[in-house]
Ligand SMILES: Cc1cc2nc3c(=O)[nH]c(=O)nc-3n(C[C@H](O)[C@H](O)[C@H](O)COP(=O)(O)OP(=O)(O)OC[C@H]3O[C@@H](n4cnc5c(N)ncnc54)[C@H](O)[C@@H]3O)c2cc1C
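First comes one chain, alone, set out as structure tokens in the form predicted alone.
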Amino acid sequence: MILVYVETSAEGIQEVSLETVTFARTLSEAGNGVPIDAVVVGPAPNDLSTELASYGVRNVHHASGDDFDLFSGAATASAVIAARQVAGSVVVMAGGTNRGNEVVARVATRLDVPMAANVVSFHGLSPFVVTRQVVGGAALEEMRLGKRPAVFSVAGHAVEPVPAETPGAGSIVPLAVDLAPEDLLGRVTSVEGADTDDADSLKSARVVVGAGRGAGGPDGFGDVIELAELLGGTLGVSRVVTSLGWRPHHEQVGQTGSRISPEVYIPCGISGAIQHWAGCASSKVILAINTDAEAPMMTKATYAVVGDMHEVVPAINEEIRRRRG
């Protein structure tokens, strides 16, 4: 049996969790239709069972109550382990978000099994071998998970979230969890402001428009922000931009910021230092814009435009608006 930790918010199920359930179906098919269950911790959206059923989930184990209203990595791990005991899971997985990785790492530690982070594919069930992203996605590594349960997280955008041809039952099963006092020592106590999920939004964006020192100052981001909006994407920046105070840290892409894997990444005025490359190397297509044709980002990009971002980006925006009428 396969168990997926599903993250939810007030808006519904996180897309990365739907990707993870889709990934789980490939395991299920390889295992001759092994059932897929989900575990949800805390408040749940009204259409939870219906949506997860459409993705092939059999049972949804739901842990609720005051102790689960706000996130605690340890308490959530306890809930996942409780759900595994009920379902008899041989695979436990989550999306490769900050929370997903924390939860499955705690689960693996308590069960004394290895844990693979940011998996993009698997190769058979016996032995269970996965391919995962390492060095910020700059390299791939094969890892054998020799113990059961196999515990891992799935990298964002490793698969497209696709509903199942045959829906599951999606039955809601209340989950009883015995929490230890230490499970609640470290937990979220409050959530404030509209920017709480901005970093995760950057990680899950399918289009990211980046800007670096070439922006020239805090007033130099208008065109790249407009391009991101025109493409339905979001803005990401380099470390130097946040260090200079031009943009907030939650927008930073790189080794000390967010690691992204969009369909398209458009870095503008970013040289491409190794720390930044570690955060964006998993992008499927990179279109770089820079005045320096020999900048590392330009030499590694899928496509490169040699030019001033303050001239090239407005021209792209104008052409998009023209084509859209």
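The first residue of the sequence shown is number 1, and the count goes up from there. Note that the coordinates shown come from a computational prediction; the quantities given were computed from them, not determined experimentally. Definition used throughout: the rigid core is the maximal C-alpha set that superposes within 1.5 Å between two forms.
Form predicted in complex with this ligand: not shown, discussed below.
Using a 4.5 Å cutoff between non-hydrogen atoms, H310 counts as a contact of this ligand in the predicted bound form. Proximity of L52 to this ligand in the predicted bound form falls outside the 4.5 Å heavy atom cutoff. Within this chain, S282 is remote from the site of this ligand in the predicted bound form, having no heavy atom within 4.5 Å. Under a 4.5 angstroms non-hydrogen atom cutoff, this ligand in the predicted bound form lacks H61 among its neighbouring residues. Picking from 285-293, 61-69, 43-51, 29-37 the stretch near this ligand in the predicted bound form, with a 4.5 Å limit on heavy atoms, gives 285-293.
Three-residue candidate spot R213, Q255 and A273; every residue lies within 4.5 angstroms of this ligand in the predicted bound form by at least one non-hydrogen atom. This chain is drawn without this ligand; in the predicted bound form, the residue among R99, R84, H250, R239 with a heavy atom within 4.5 Å of it is R239.
After superposition on the rigid core, the Cα atom of L18 is displaced by less than 2 Å between this form and the one not shown. After superposition on the rigid core, the Cα of E29 moves by less than 2 Å between this form and the one not shown. In the core-superposed comparison between this form and the one not shown, the C-alpha atom of P296 has shifted by at least 2 angstroms. In the predicted bound form, the Cα atoms of N118 and Q255 sit 3 Å or more nearer to each other than they do here. Compared with the form shown here, the Cα atoms of V92 and Q255 sit 3 Å or more closer together in the predicted bound form.
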